[in-house]
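Take a look at this one chain, the form predicted alone, written out in structure tokens.
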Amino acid sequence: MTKKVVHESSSMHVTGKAQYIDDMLLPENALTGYVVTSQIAHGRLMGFNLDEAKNTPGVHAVLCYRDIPGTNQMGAIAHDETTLVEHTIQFIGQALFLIAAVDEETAKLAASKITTEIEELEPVVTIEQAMEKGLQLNPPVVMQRGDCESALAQSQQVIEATITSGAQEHWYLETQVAVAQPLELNDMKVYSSTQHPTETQALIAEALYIGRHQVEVETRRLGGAFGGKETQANMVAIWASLLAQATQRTVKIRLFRDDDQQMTGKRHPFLTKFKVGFTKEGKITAYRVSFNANAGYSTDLSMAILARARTHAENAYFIPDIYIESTAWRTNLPSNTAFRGFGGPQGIHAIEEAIERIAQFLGKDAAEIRYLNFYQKEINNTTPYGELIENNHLETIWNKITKTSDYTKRKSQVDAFNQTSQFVKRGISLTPVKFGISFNTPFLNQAGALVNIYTDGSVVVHHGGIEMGQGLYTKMAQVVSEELGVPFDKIRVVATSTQNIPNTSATAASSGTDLNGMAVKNATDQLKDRISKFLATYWTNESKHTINQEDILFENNDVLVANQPELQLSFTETVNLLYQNRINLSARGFYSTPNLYFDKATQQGRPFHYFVFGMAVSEVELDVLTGKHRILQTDILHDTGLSINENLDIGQIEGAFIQGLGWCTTEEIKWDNKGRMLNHSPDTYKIPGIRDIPEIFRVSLLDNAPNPNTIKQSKAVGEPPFIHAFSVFFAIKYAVAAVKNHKVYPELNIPATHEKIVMAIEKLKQE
């Protein structure tokens, strides 16, 4: 397989020719959709008057909840999210009314004419407030092994702490957008920037009170998503569809950046409490952890996110006695949602923090404590939920990255530098990741595909995955190219549509290539079987001796028999021959991940098909007076199995690391006590920029690590590299701790902004 094929849309991306939904040419009578939202975080909608707004020239519809033909619900998992507010207002930015007008200015004018009577109530904004008021979204869920309390009581040393991690805005370049086009027979076609067309289709059908067969959702590409369009894209698509049905005109809604940031959910902020027991050598004997997540106002994906936090609470370490508890709490914020890592980063944060504290307490290198507690290959290789860790590469990666990064020598150099430098300190950290791949919910691990071969030898591929810039379409074309032996440029992967591939899962959980790749391969396997079966008979008759089907090869745009050059046809000649003999040149593929199961009652099972491993070493330099820091060097060694496309995989690793860096250091979302987001625009919310990238940035893929029973023996790459950013976070903490010569552990949470770093240093100086 050609592992360095460029992204199929790369040239269009850089020339501006790639078409996104906002670029679509719409009919002349198309309308602009506008959403009127709440300006308070909690209250009661006592009454409203829409008459003046409806009479505004250029306005074609003004809708309230009473105008929804079907269900006034858009909750993907639980029906606790109203499409339009009926009585209770739950957050600033919640949709009250919908307007369809000839342009945005007219819609805004109409919105200004709506009168409302609202009783404002006191909002709950923080996890602490929600916990104090007992606003549980769910009863606590517990996963455990052994007797944690007894083990803690018997441990030689015990440390306990409370830590926090903040929200994170997805900041996809393309904001939430949808175009709804009414068709004959009350059908609806919707172009949606969604990661989950099937779910979007289902919720639109429920809102419009029509069958799912009457709704087609099509998506060619997204301008980024990162989990923010797994469920949150549904609302814009539903709103546009309601207005399109009401007006019988095409309606487009695209959220303005500031509105998008205020209206949509974020990464879940966590408040985590843990207690860890360990030996004088640093071996962890017991670990009790309690995750508390700020869910926002509704369920969304909070339960699944907490499930992944639980299944990643131990990260790369075997802990014999462990107790993991998780609870989601309701607040008056937008419903928090999926974000790259899906709870895994929050879960891993706590155990890595525990290890750092153990190292400081014992006066040892944290990397040494990590190595001591790694999962082993033959013993201590079972997770708290009962899954055996197979093909464990932790030892191999450790041996390689400690050597290639020269970790031991650089650690000594960092310590020597800090002894002689008063106002500039350096830090270095090595952190691992073990990340489970599959949806936590077993039934979601399925995918479909459709492969059509045309008589000119070209191929069109349909599948249920979504191209978000990660290169999924490119990898699917590579799979077909290798399987059929057809040149890459003869293959076209076309827009994902619910009419062509039904009942798909979201492109999420890092499983887009795993699931859709195997479904595509299943389709090409069927086609190859038909072709080779026909040719075996055809060539047997031609050559007068038996040709075995198994000896027929597909390569270099030819179909041939091994070691018999006279028996060879071009791929185009082959498909024409089959067409003339009325052999089907189209095949539907399907794949479901095998051997997945999980008992929610016992919290035991095998939820993951396999694990991804990796490690990162980062070194930072910190100005202790300002909190400003720079990353001197980052080395990452990451496990991608046998990479399908090395360039794409390295790009994903780099991007995930930088996005994780933003969560860990610069991206701080602030709300006031009224639930107003205070930094909801690009000039006040700081995502990483070019100067935040490590000055030396080296990313390598683990060699010779085939992953059995997956597409081309590859591994998923989307989410696991996000965890590598912890190497920077803990390197910063190491530099901060150097202010007091590592005698006091610094109180510094995520995100470690410049301000918080300075505050942590000032607190250290007072110890």
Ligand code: MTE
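Quick caveat, the model's predicted, so the values are computed rather than measured. The numbering used is simple: start at 1 and walk along the sequence shown.
One more form of this protein, predicted in complex with the named molecule, exists but is not displayed; see below.
With the partner left out here, the named molecule still marks one of 484-492, 403-411, 103-111, 223-231 in the model of the complex; by a 4.5 Å heavy atom cut-off that stretch is 223-231. This chain is drawn without the named molecule; in the model of the complex, the residue among Thr327, Ser511, Ser532, Thr247 with a heavy atom within 4.5 Å of it is Ser511.
Here the marked residues Gln181, Ser192 and Leu243 all miss the named molecule in the model of the complex; none has a heavy atom within 4.5 angstroms. Taking the partner from elsewhere, Arg370 is found to have every heavy atom lying beyond 4.5 Å of the named molecule in the model of the complex. Shown alone here, Asn418 lies farther than 4.5 Å from the named molecule in the model of the complex, counting heavy atoms only. Using a 4.5 Å cutoff between non-hydrogen atoms, Pro269 does not count as a contact of the named molecule in the model of the complex. Within 4.5 Å of some heavy atom of the named molecule in the model of the complex lies at least one heavy atom of Gly718. Heavy atoms closer than or equal to 4.5 Å to the named molecule in the model of the complex belong, across 466-502, to the residues Met468, Gly469, Gln470, Leu472, ordered by sequence position.
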